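Here's a solo chain for you in structure tokens, the form predicted alone.
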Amino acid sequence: MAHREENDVYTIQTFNLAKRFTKKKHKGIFGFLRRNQRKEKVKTKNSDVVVALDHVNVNVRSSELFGLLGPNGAGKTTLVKCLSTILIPDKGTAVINGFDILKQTSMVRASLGMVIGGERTLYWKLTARDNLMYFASLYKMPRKETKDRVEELLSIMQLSDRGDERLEDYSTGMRQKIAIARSLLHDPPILLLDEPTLGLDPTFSRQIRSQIKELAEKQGKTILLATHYMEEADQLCDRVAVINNGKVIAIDTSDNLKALVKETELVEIACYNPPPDIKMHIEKRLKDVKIVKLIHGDEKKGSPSRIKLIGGNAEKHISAVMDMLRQKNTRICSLNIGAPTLEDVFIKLTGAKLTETEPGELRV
């Protein structure tokens, strides 16, 4: 884990970084295609202006594995794209490895490796080895050095025996490994990883997370990891920045963030078939509980729903809530007091669930 020192060296710094997007309104018969957007909107005559980044200030230390935690649509990908010079910010700037993203673009790009999850960024008709050879040529790496580097990366990703197969025959997890290998070709000091485990099964997710951890601990890479998976941020990151609606609302270690939610402030009841109006009844009866959340599970697959009480002295209201549930014929399967998660921190800070996503939500 990275620890703060007075002489810390920062390899990623942002200074009041701001970015907005203009969305044209859909009209006529296609109006139903309009998407909900949780971010702040500024209405104009013909368009909506979506605030994706709102004066973001973040400092990432050298060799630190830094998490950027927030729901889909919070602005994580926009920040990653601004840092990588794919997008130009409207206001502010950032310094990457000592280079300004607006004035020294080529030096910034040479300092970075980047992986964006859930996107097709490789050539599926080429083999894994040919993909890596091609991208190495874009970095103008010497051919002999390239061959050795490609073999080394295939070995690290445990894909040496599959290197001559086309990527179209790979699983999603294997393709993601090649995407990470591609980002490491030129041995950059900094990695920007945007949802690197998105869409992966649990086995491949664990493998990718293990490799990310090794890159930070054994190779000293500075890694900015953008994710909406609280377990990922909790397990991997030295520090975590919580971001919502384009604003960074907290930065600290995972333990310190979770300490914001006191044990007496948190109660979670797992149950099946809770009444849809239970949230309203609890809020009406328990005035001193600040936040009540009903998080629906997939009960057909054995995943219960959860009722969270956060704030005030939630612990003293357990009996009252349990009685309310029993009166509604709700089957209670577990009760948890204290032991907050990063999701509980996010709920306390924003009032929203970390993983909730509106239908058809735009991910920028």
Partner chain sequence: MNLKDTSGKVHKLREVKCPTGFTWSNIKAELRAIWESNIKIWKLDLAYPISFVRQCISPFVFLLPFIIYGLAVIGGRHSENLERLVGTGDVVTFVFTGYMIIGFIGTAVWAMGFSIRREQWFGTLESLYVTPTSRLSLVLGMALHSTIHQSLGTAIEFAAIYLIFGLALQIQGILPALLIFALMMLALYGFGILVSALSLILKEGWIVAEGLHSIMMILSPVAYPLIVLPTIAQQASSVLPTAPALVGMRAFLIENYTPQVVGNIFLHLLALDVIWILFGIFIFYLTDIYIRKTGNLAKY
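From a predicted model like this one, the values you see are computed outputs, not experimental measurements. Positions refer to the first chain, counted from 1.
Keep in mind the form predicted in complex with its partner chain is missing from the figure; the text below concerns it.
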Residue-level question: is Pro189 within 4.5 Å of its partner chain in the predicted bound form, judged on heavy atoms? yes
Given that the partner is absent here, does Pro142 sit within 4.5 Å of its partner chain in the predicted bound form, heavy atoms only? yes
Would you classify Lys284 as touching its partner chain in the predicted bound form, given a 4.5 Å non-hydrogen atom cut-off? no
Contact flag, Thr121 vs its partner chain in the predicted bound form, heavy atom cut 4.5 Å: yes
So which stretch, 224-232, 195-203, 284-292, 100-108, is the one near its partner chain in the predicted bound form (non-hydrogen atoms, 4.5 Å)? 100-108
So, Lys19, Ile86 and Leu126: all three within 4.5 Å of its partner chain in the predicted bound form by heavy atoms, or not? yes
The one option of Leu236, Leu159, Ile116, Leu167 with any heavy atom within 4.5 Å of its partner chain in the predicted bound form is Ile116
Would you kindly say which of Thr146, Asn72, Gln207, Ser254 lies with a heavy atom within 4.5 Å of its partner chain in the predicted bound form? Thr146
Taking its partner chain as it sits in the predicted bound form, which residues of 288-306 have a non-hydrogen atom within 4.5 Å of it? Please list them. none
